[in-house]
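Consider the single chain below, provided in structure tokens and representing the form predicted on its own.
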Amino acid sequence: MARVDAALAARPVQPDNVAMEKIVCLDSHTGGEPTRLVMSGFPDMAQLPLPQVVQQLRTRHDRYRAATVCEPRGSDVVVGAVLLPPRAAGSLASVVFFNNVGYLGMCGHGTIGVMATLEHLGRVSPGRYALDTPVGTVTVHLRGQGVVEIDNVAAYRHRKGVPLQVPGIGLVHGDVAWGGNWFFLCDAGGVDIGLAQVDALTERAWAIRQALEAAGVTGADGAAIDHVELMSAPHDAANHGRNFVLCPGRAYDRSPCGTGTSAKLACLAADGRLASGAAWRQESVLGSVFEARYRLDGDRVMPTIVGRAHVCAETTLLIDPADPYAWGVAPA
């Protein structure tokens, strides 16, 4: 013990006049997928419209995103969320989601994590709330004990049965759909959606995404399709489907993916395979489950997603100016 104490005493001391920045966060996971909610420490953007917040973060303050979710403090799978004051009258708050490579329009598992975290902090009790996101205001029903029901933004199928030649795989057909992010949904091609096949699933989904870009297949108005959703039958007969979702930074979603499940609902509705109000239980690659349904608002599909999050850490991230990796290590 004396040798350890002596070694610690010999370490250089940070000068008093060099202040570390601090980012205060709470971590949760929703069906295994992590969310890191930033409570303070980001630049002050409280008065900006959300699209401008995203622009400012992307062009001027992106290092805060990287410091929060990338190594050495985070990992490719961590999704961040910065909590801001509400933008719309009557809303509880605003939130901007981000990951290891950029910013997300909406995040279903992250919204569940945000509400469960606010419940943990005693800031909300069971009831209905509105959260403002860059793609619109979503309504959430906190049932309690981390169980959250999300009324997501309108979802729709943009294109059905798109043929795509994928090098190393061959011809696949898939649907292009919006659920808060853009998705290409297709069959898993006989690969079991389970942890033992994660590498094969990742390679398949990544090859499909690259083929989409090469073929110029996009969402509406030329929007990039940055999520690939592979589908199969469920492992549990009590459920209806199972998915593997590859996110923009090549990390896979451990949860059934709220926006991906919303996109799936839009396709089911368009094909007449799921009636309005009927339940759809979606498994993730881990086996965690979201329960989903939709209602029609005119011809618009309005998804509802139910899941549960658990708060798992309280942390203060320290930004040491002497640390060469203080602002994160970008993914390869």
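Keep in mind that what you see is a predicted model, and the values were worked out from it rather than measured. We number the residues from 1 along the sequence you see.
The protein also exists as the form predicted in complex with a small molecule; that form is not presented, and the subsequent description refers to it.
Peer 1: Select from the listed residues Val82, Ala155, Leu201, Leu104 the one whose heavy atoms reach within 4.5 Å of the small molecule in the model of the complex.
Peer 2: Contact with the small molecule in the model of the complex is made by Leu104 alone.
Peer 1: Pick from Leu230, Val96, Cys247, Val114: which has a non-hydrogen atom within 4.5 Å of the small molecule in the model of the complex?
Peer 2: It is Cys247.
Peer 1: If contact means any heavy atom within 4.5 Å, which of 258-266, 138-146, 230-238, 207-215 contacts the small molecule in the model of the complex?
Peer 2: Checking each option against the 4.5 Å cut-off leaves 258-266.
Peer 1: Answer with yes or no whether Asn181 is in contact with the small molecule in the model of the complex, where contact means some heavy atom within 4.5 Å.
Peer 2: The answer is yes: Asn181 has a heavy atom within 4.5 Å of the small molecule.
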